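First, one chain by itself in structure tokens, the form predicted alone.
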């Protein structure tokens, strides 16, 4: 049974990013009223202004500031009176290796990726309860079930978010709110392109990156058929879950994955070059500035 987007109020955090903006366009095209939430207010308002339909809202909000999150929901309440779907899509990563990172950067990444979706969900419950069919969906990652040595802080935040969402999904289901997660693998977004040119985690390039539309499709499938988890690429998720049955073998099998990933990242960078999004500058890669 297909989810009816007509007149639904849907808030998407990280809504001005590659995945978030694609979600908003899909929801709005079905008739939803979207609240585009992003730390960059100008970008949030630009995305909201480009959506089909009417009564969309672009809101600047620092999701590490609990007061701003409260103000966000106050504004949604004033504008719409309820919230039907909350999509926790905000996220960040870093190419810095663990032994080189400063402590504040570790705290910030965990706070944004794991703590802020939990706080946002908690503060949004009052408005969600005013909906006839309230939903919460969080964008996690395959890094939430498969360790990646290059990005342990990102994995820590996503492992934690996945566990929290499974627990929240079980708890809130009894209280009338359906909650679950979407677990995409590497997705072709500005964040991934930056990570690739900076020489980040090659493990995620086992296959060509999926598109934001693939993550959107998995999210819509969660609305069509509520469940605790959905995977944008079920085959990749199966391989990751299978490998985690015997975690002590990871040191032996990861070199194979890393070799494939290194080759995949080179292919991705070459594809970005063909698309005019990246270029070689001496012995280094760099993104082509947007015009």
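Residue numbers count along the first chain shown, from 1. The shown structure was predicted, so the numbers you read here are calculated from the model rather than taken from an experiment.
Below: the form predicted in complex with a small molecule, not depicted.
Contact here is defined as any heavy atom lying within 4.5 Å of the small molecule in the predicted bound form, and by that definition not a single one of 118, 162 and 229 is a contact residue. Just one listed stretch, out of 71-79, 118-126, 170-178, 87-95, contacts the small molecule in the predicted bound form at the 4.5 Å heavy atom level, and that stretch is 87-95. Between the options 197, 112, 216, 155, the residue in contact with the small molecule in the predicted bound form by a heavy atom within 4.5 angstroms is 112. 64 is the sole member of 266, 254, 243, 64 with a non-hydrogen atom within 4.5 Å of the small molecule in the predicted bound form.
In the predicted bound form, the small molecule sits within 4.5 Å of a heavy atom of residue 139. Interface membership of residue 10, defined by any non-hydrogen atom within 4.5 Å of the small molecule in the predicted bound form, is ruled out. None of the heavy atoms of residue 55 is located within 4.5 Å of the small molecule in the predicted bound form. In the predicted bound form, the small molecule sits within 4.5 Å of a heavy atom of residue 190.
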